[in-house]
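Only one chain is shown below, in structure tokens, and it's the form predicted on its own.
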């Protein structure tokens, strides 16, 4: 093959349950992921040396994407090469359609796309289970970017199990120029709970029922994010657009992961356009729907 292109989606957390910090510094999670229709595409081509390039779509700031050895997509390709005993460097080109450092797992989507693209380019014939194991070594959200749809995430989020979901959900996605550090949000979470007993996390059964029923109204009543209070302490100004979205009629408003991206659940596409119209003064407004498929060869 001369090249392989793979498209991978952004993720949101319909529920993000965070447990007590573990001795290794990680927190056990119980999260309900959903893949939404914001995508990045990674194209892998044979090359004399390992190389990474990136371009961004209009309205997407790619300034935070590293173009060296630390790039997660490049790390994914090299990890797969080492695992499979392949000595065939590639160039990876990222067409970035997912905002950077916004809690949407854009880097994880790039990594998942690179794994699938290189596995096809090198004709490895690896089962998805093997790719998922490698994805879990790269980051908590990378396995889900391979799977897509709606799914439960346990452990650090890397243990992924598809969930029954019979709905389509329209989201307004409000993004900002300045990202928010995920490690900082977890440190703030620990500080907020320093004197409290943090229970083991779980996904609410009512959320599973809402997805199975395909009901946006029922889902709106049970979405949640245990990191939201910590992220709002780090950036209190985010409370204003969250409130503004509810005032415009959003069924629910919450941060995506550690933020700062704000999510607004709407009843349909027309409703999403109405909600979005009242949020343009706060940042970049995008409209997406979910669930969509995970990393897919084009």
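Predicted model only: the values in this text are computed from it and were never measured. Positions refer to the first chain, counted from 1.
Another form exists, predicted in complex with adenosine-5'-triphosphate; not displayed. Remarks below refer to it.
S.K.: Within a 4.5 Å heavy atom cut-off, is residue 65 in contact with adenosine-5'-triphosphate in the predicted bound form?
M.R.: Yes, residue 65 sits close enough to adenosine-5'-triphosphate in the predicted bound form that at least one of its heavy atoms falls within 4.5 Å.
S.K.: Consider residue 107 of the chain shown here, and say whether it contacts adenosine-5'-triphosphate in the predicted bound form, taking contact as heavy atoms within 4.5 Å.
M.R.: Heavy-atom contact with adenosine-5'-triphosphate at 4.5 Å: present for residue 107.
S.K.: Could you tell me if residue 70 has a non-hydrogen atom within 4.5 Å of adenosine-5'-triphosphate in the predicted bound form?
M.R.: Result yes; residue 70 sits at the interface with adenosine-5'-triphosphate in the predicted bound form.
S.K.: Within 4.5 Å, heavy atoms only: does residue 100 come near adenosine-5'-triphosphate in the predicted bound form?
M.R.: Heavy-atom contact with adenosine-5'-triphosphate at 4.5 Å: present for residue 100.
S.K.: Though adenosine-5'-triphosphate is not shown, can you say which of 131, 138, 94, 172 has a heavy atom within 4.5 Å of it in the predicted bound form?
M.R.: It is 94.
S.K.: If we take heavy atoms and a 4.5 Å cut-off, which stretch out of 215-223, 155-163, 120-128, 70-78 is in contact with adenosine-5'-triphosphate in the predicted bound form?
M.R.: Only one stretch passes the 4.5 Å heavy-atom test: 70-78.
S.K.: Within 4.5 Å of adenosine-5'-triphosphate in the predicted bound form, counting any non-hydrogen atom, which residues from 283-298 show up?
M.R.: Contacting residues: none.
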